[in-house]
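In the form predicted alone, a lone chain appears below as structure tokens.
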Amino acid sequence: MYASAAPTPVQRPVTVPSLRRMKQEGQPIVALTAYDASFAHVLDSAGVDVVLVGDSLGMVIQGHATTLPTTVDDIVYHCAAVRRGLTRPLLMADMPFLSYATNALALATAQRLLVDAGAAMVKLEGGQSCVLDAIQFLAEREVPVCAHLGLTPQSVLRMGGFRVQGRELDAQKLMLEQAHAVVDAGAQALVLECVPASLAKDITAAIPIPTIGIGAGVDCDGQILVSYDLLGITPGKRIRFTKDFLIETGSVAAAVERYAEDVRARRFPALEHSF
């Protein structure tokens, strides 16, 4: 008689409290974007912790020059598709440009993303007072919120392009203050995009919620990339903080697995991917 194979261990789904626990235990959080069920399945199988349906889909899927044309309908459609491909990762959804301009609008957008599309957390950009009000309004109504500071792509017109933020001392002080402010408002995670690694390290050490970096150095509690950048298929010049993992591995699945391994070993991002 042959012994039956041992059952595959059941991996518990990643939840909002899981992310804070990972920060407390020093376990790097692995995050990537996805826009459809097939990519979601690949990310799930590779052990990715957080999957973001980003408004970046306006650029990498729809071909726009910025994220601004991305609509709530777009995010709902793609988020629902990604949801069908996931079992373990936490699903996060971007709230598009002007979809949280008022508290009522923010709540309506969050309801669609969480109830209709199946997301477990929404992400808002900025640290100004109106965004803090929206974060608090949503958090008080049991909506898990991830904040986003640094290079906020929805501010591209005001910033005059996609530029590194927080180089000057005044800007660094303001960003640290905003990081504390989003925590006080009720945010349960924070994306830091294109900020100096030293500033991201200080913010990560100063706040109790997990930070997820993109072009923000290795000392954040986790890392995120646009999946198309990770695969080297985004048109144009490669962005400094990205890395083509596909060219090293030869398959999409292996590229995602290598990325996850490198994030957890704190091999990515290296110095050449940081500011």
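Residue indices: 1-based, along the sequence shown. Source: prediction; values computed, not measured.
This next part talks about the form predicted together with 3-methyl-2-oxobutanoic acid (KIV), which is not shown.
Although the partner is absent from the chain shown here, none of Leu43, Asp49 and Leu230 has a heavy atom within 4.5 Å of 3-methyl-2-oxobutanoic acid (KIV) in the predicted bound form.
The stretch in contact with 3-methyl-2-oxobutanoic acid (KIV) in the predicted bound form, judged by heavy atoms within 4.5 Å, is 54 to 62, chosen from 22 to 30, 203 to 211, 246 to 254, 54 to 62. The shortest heavy atom separation between Leu68 and 3-methyl-2-oxobutanoic acid (KIV) in the predicted bound form exceeds 4.5 Å. Using a 4.5 angstroms threshold between heavy atoms, His78 stays clear of 3-methyl-2-oxobutanoic acid (KIV) in the predicted bound form. Shown alone here, Val226 lies within 4.5 Å of 3-methyl-2-oxobutanoic acid (KIV) in the predicted bound form, counting heavy atoms only. Although the partner is absent here, Leu113 is not a contact residue: none of its heavy atoms lies within 4.5 angstroms of 3-methyl-2-oxobutanoic acid (KIV) in the predicted bound form. Of the candidates Ala119, Val191, Ile135, Val82, Val191 is the one whose heavy atoms come within 4.5 Å of 3-methyl-2-oxobutanoic acid (KIV) in the predicted bound form; the others do not. In the predicted bound form, Lys123 is the single residue of 101 to 129 with at least one heavy atom within 4.5 Å of 3-methyl-2-oxobutanoic acid (KIV).
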